[in-house]
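Presented below, as C-alpha cells, is a lone chain in the form predicted alone.
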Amino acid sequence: MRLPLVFAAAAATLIAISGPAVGQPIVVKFSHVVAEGTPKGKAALKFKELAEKKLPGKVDVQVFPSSQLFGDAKELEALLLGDVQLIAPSLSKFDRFTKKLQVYDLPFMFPSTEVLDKFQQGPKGQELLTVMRSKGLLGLAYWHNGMKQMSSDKPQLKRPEDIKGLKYRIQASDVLEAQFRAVGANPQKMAFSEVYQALQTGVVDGQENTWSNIYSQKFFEVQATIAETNHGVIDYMVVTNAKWWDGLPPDIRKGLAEAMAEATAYGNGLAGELNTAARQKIVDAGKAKIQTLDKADLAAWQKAMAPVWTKFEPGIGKDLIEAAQQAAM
C-alpha cells in the first residue's frame, strides 16, 4: 500500500531531521575548489583517511576537489544550507561575514608563513576561528597554501608602473581590490575555476597566486612573467556549519576534531615543500620567466600599497593589526 503524498513527504522530512538510520555512517561532504595535488587538496584527503580510521563505520568522508560540487561563489551558501558539511575557502572569502579576517589580505602584512602561523596560533588568531559563529559558521582550522606571487602577460614585472592599466584577476575581496587600484591596475573579481581561460583569452592580463596554484592550474602556460613578490598570503579556514557541528554526537565530534588537527599539521607541513617544488617545475617548463625583485623594487610596491592598511584598519581593528605585526618580531 502506497502512502499518500503528504505522509510520504512528512516521513522524508522526519528522516532528514533525525539523521541517518541506526548503524549508517554519518556522511561528511568536504568540498573545495583546488586540485588534489595542492596543499589543501592533500590535507583534505588526509583528513578523510584519519577521520575514517578514528571513527570506523561511523563516518563516511567524501572529498570533492576542483569545484566538482560548488565553486567559489556557491560553497558558503551550500554549507549554510547543509548541502555540504566542510569547506575550506580562502580567508579572502569571508569579508561579507566579518571585516576582521581582512587582516589576512593586507599587502605585506605577513613576511612568511612562519610568521602567519605564529599569529594564527596566538590568542587573536584563535579568536578569529569563532568570530562568525553567530552567522552560522565555525572555523575548525587554518590551512596554509603559501606566499602570493604576481604574474602578467607582459615581459616586465618589477615595479608598480609595470601593471598600471592592466586587468588583474582577484578573489572577491575588497582589500585585494583596493590593493590593485593603489598600484593603478584594474582588478576583476573572478571565480578560481575561470582564471585559466580568462588568462588564455586575454579577458584578464594577470593574476596573483601561490606557486602551487600557478603550477597546478597551469597559469604559467598562459603568462609571460611571474614576479617573486611574496606580497601576501593565501590561507584557508576550514569551516563547518555551526549547528551541524554542535548537533554531532560527542564521540563523532571529538574524532573529527582530532582528525582535523592531525590533517592540519600534515598539510601545513607540506605547503612549503609543494610550493618550492612547483616553482622549480615552472622553471623547468621554460614557458614563463620568473623575475626576482631587489629591495628597491619591493620597497616601491610596499610604498604604493601602504594606503590600503589605513583604509581598512577601522573595520579590522587596530588590535588585530598590531598582534599580527608583533608576530613578525
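All figures in this text were calculated on a predicted structure; none of them were measured in a lab. Numbers follow the displayed sequence, beginning with 1.
The discussion below concerns the form predicted in complex with a small molecule, not included here.
Open item on the list: For the small molecule, considered in the predicted bound form: do all three of 90, 213 and 234 come within 4.5 Å of it, counting heavy atoms only?
Closed with: All three within 4.5 Å in the predicted bound form.
Task: Interface stretch in the predicted bound form with the small molecule - options 299-307, 31-39, 56-64, 275-283, non-hydrogen atom within 4.5 Å - done: Contact-bearing stretch, as computed: 31-39.
Task: Non-hydrogen atom contact residue 72 with the small molecule in the predicted bound form at 4.5 angstroms - done: Yes, residue 72 lies within 4.5 Å of the small molecule in the predicted bound form.
Task: Exercise: residue 241 in contact with the small molecule in the predicted bound form, heavy atom 4.5 Å - done: No, residue 241 stays farther than 4.5 Å from the small molecule in the predicted bound form.
Task: Contact label in the predicted bound form: residue 171 to the small molecule, heavy atom within 4.5 Å - done: Output for residue 171 is yes: heavy atoms within 4.5 Å of the small molecule.
TODO: Look up in the predicted bound form whether residue 192 has a non-hydrogen atom within 4.5 angstroms of the small molecule, and give yes or no.
DONE: So residue 192 counts as contacting the small molecule.
TODO: Name the residue from 209, 152, 120, 102 that puts a heavy atom within 4.5 Å of the small molecule in the predicted bound form.
DONE: Result of the distance check: 209.
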